[in-house]
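A single chain, nothing else alongside it, follows as structure tokens in the form predicted alone.
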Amino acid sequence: MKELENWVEEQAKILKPKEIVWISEGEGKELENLVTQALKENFIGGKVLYELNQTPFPHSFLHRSHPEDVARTEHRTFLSFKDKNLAGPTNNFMGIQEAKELIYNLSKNAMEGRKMYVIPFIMGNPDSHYSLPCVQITDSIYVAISMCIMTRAGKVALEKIKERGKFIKGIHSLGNLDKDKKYIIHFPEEELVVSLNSGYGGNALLGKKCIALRIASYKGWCEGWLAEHMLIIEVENPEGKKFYFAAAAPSASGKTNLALLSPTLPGWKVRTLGDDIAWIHIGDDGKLYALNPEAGFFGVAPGTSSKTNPNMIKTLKSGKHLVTIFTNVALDPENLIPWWEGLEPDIPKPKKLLDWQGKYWDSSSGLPAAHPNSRFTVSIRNCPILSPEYDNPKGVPLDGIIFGSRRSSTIPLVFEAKDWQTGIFFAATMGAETTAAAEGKVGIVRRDPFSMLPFCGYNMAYYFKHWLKIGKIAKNKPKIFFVNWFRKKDGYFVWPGFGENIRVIKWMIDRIEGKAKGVEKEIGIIPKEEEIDLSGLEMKREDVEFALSLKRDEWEKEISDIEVFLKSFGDELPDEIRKTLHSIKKKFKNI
């Protein structure tokens, strides 16, 4: 504890806050007082929190961030190592001395006139060997409240810090929100993250992407485990048997909807253990186990509705635990109800709306009322389908790992990798098509290995090798599957998606149990058409055939694009991935 107190004092001497406030509980009266204070406070452009209508959305509040601070800032996110090669070709690198000098100059007096909140928190179940005690300091009361929602904060973390004698350090200051001085810098070797001049959640809630992925992935590489951008679900069949899956997917590829799936097949149940991050380790029995280190959801609001994700809507309206914060959504000013595109018909669009910046929205402007990256922060304990295994300190044994892509062509609805090495190859080269909103061009494939491109805390070529090594050590490894819910025919999605995705998961379970044979193709094992349960679904077999088909010309282009992408890793690329590429390339040439 003395080390913690000394570190806080050292940072206070540089940042010069007017007061230091320690978070000791993270809930109850302490959290209530923080919210009351935030409702009164103003910061650069407006109030920190606005109270919402407590009847439909109990314990819920609205937050608006600075208009130029609304998303993660990848080009201003850096890794700092002694050896530049550890950052690899996909990360931004900054030398340690340069980074420390930059941080010191930007941090001097950055908290002057403000409170400095000291937030002890722990990622993962405190009883888990893999949990990580951490401390973040911040001058944002919004961040302090959000960290209480997203992590296990307060006394439980302090006790674990005292027990272990060490902790991961996080320094955050809003500064003056100067976008040209915005930096998120990671020092994996000394387990430190510094974030300056941003208040957006992904840049400021340091327990999330910064610690639970970038710092943890490096730590996992050193110690023999994995920190992954994955959801975790429990699937129960009609006979009551349970199966566990982890799944990764790039942005806008159906990840959150899968995490809180409402199955359409009678008798099937899906429960969530997490929607975003999974830490995976090898258990004493040689199997892979996964646990969720977070305690909340930080989800994208637009598109979330009772049609796409009814369980998330129920979670947002529960209000049983802690508080819920909506960030940069639109607001019905008369009824004080949050609103976003895609919410209808749950909540019809009001005649008058304040947009995400608090201005009256003009529907003829062509602009969305809610920011496309508007968010909600809510306790996972409010989720109506939370698995009892969520708090298991050992995690859950994985039966399958799913990788999803958003592709209008090429990638079939589902296939199983024939072996671990092939699975790692396809995971290392997966991607999603860009949208006009994101990139200005439609249909450009952005490769996102393992859905970890922005979050891997070290050289990604070493990361591929690490996955291959895990596969050699683990016994009874989970099967690796790939899905694409977004394949199109004549401009329309072939597969209905959402709750119907249980039909694909059912096939995966049939493969795990040896009940489905499938058909071996060039890329792996694809279902026989009759193996996909279409009972109660109005879908033609010819459409199923199309969804599962492989087209030689599309795959020739895919392989060519993959070759170009893999060249960026140079000589560090594992030989196993080169050999798999050559093997698959040869198979398509022989068709």
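Keep in mind it's a predicted model, so treat the numbers as computed, not measured. In this text, residue numbers run from 1 along the sequence as written.
Another form, the form predicted together with a small molecule, is not on view; read the next lines as being about it.
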property: Partner proximity in the predicted complex: Lys314 to the small molecule, non-hydrogen atom cutoff 4.5 Å; result: no
property: Contact flag, Gly201 vs the small molecule in the predicted complex, heavy atom cut 4.5 Å; result: yes
property: Any non-hydrogen atom of Asp355 within 4.5 angstroms of the small molecule in the predicted complex; result: no
property: The small molecule contact in the predicted complex: His466, any heavy atom under 4.5 Å; result: no
property: Per-stretch contact check against the small molecule in the predicted complex, the hit in 165 to 173, 234 to 242, 207 to 215, 189 to 197 (non-hydrogen atom, 4.5 angstroms); result: 207 to 215
property: Answer option from His281, Lys160, Arg375, Arg152, heavy atom within 4.5 Å of the small molecule in the predicted complex; result: Arg375
property: The single option of Phe298, Trp225, Trp340, Tyr289 touching the small molecule in the predicted complex, heavy atom within 4.5 Å; result: Phe298
